[in-house]
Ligand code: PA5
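A single chain, nothing else alongside it, follows as structure tokens in the form predicted alone.
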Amino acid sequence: MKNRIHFNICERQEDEKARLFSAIELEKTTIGYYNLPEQDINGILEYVKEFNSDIENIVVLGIGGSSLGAKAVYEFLKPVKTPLRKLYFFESTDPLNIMDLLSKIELEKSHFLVISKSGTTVETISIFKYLYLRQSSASNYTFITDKESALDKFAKDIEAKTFYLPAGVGGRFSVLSVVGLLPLALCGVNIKELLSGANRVKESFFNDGYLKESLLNKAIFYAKYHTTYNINCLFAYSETLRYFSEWYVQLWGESLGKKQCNSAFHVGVTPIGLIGPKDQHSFLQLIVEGTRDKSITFIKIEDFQNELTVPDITLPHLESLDMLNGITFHDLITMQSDSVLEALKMQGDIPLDEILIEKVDEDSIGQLIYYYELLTSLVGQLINVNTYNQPGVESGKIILKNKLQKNKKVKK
């Protein structure tokens, strides 16, 4: 993985970078995601080894951090690696979505992973209730939750298998925990390689490797100019990264959009996920000629490992496009991203950088995930927010539960 930065680095003293690095090292002792790349996964691998071979579908009941990370990895790998089992996600209480998903799976050949840290997530439990009425055998369910949560107690009552979330790991940082690893491993993803990729970034950052300086510089720039460039656009040039972009939007938005610690000031950097080349035909107009409030990160794949080629033919009236003849689609999409990058460089006042990942495999996506988790933590430190809470989200949940309680009383 490489990171090329095309904006002027802030002129900060080295001791300031040292203070930021020390703060992250201290945070690493209490925030659990930092150490996930080196966790013991033998329990997961043993469970997968003994898993029922007749099961064709793994169905995740979870929302937000309980589903977005696993979906990002699964969809990234799916075009190049045929899954061992199909992976589905129930993430919404939209009745049309629920019925559409149910029409695609055969309950008897499906295993359900019910994921809720608190064990009381309204969306997850409401869908679980609906499914449990139709498929109540404990052997069809595995639960992932906190120890002694309400969901853990339920699982014990029906004698179902339960995995526990590691301490200090919040939902949006949980993809490299059992939350993401279990469904992915059941679908044939090499989770050892996934963690190995993440560990490469961890080692590079914490042991003065090649990514340390770029991560520190990038975080300092985002923090210094977070009121000027208060929007960050992630422009991923591969359809395989569509759901990674969704994961990034949650990670960035929920972690950095906060009131500052010990302050009444509201801060944050708004995340936008874009996919090239499709979005260069629309959103690019806003970037080039719109308000100068956006920084842009391009994510590019260096080797698509596919030589699909534009045919060497001439079509009537389209002779001017014979320049496409014989070019691989790999080279074409790379030229498209490079052309957009050059066009934006010419503007002179849009902060740009590139992330290059080697190829579509577990190691690459593991690196990318851990890189963005680290970057989020670094920016959170600098803009003085609690990166790991979500009071804005919790307030909506409290209001919803109050409404449900009132509705229950009215029905009585």
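All of these numbers come straight from a predicted model, not from anything done at the bench. A residue's number is simply how far along the shown sequence it sits, counting from 1.
Just so it is clear, the following notes concern the form predicted in complex with this ligand, a form of the same protein that is not shown.
- Per the 4.5 Å heavy atom criterion, this ligand in the model of the complex is contacted by stretch 65 to 73, the sole one of 65 to 73, 362 to 370, 34 to 42, 341 to 349.
- A heavy atom within 4.5 Å of this ligand in the model of the complex is found for one listed residue only; from Ser149, Gln250, Ser238, Thr297, this is Gln250.
- Ser118 is the sole member of Thr328, Ser118, Asn97, Ser137 with a non-hydrogen atom lying within 4.5 angstroms of this ligand in the model of the complex.
- In the model of the complex, this ligand sits beyond 4.5 Å of every heavy atom of Arg19.
- This ligand in the model of the complex comes within 4.5 Å of a heavy atom belonging to Lys397.
- Shown alone here, Lys202 lies farther than 4.5 Å from this ligand in the model of the complex, counting heavy atoms only.
- In the model of the complex, this ligand lies within 4.5 Å of some heavy atom of Gly171.
- The partner is not shown here, but in the model of the complex the stretch 252 to 279 reaches within 4.5 angstroms of this ligand through a heavy atom at Glu254 alone.
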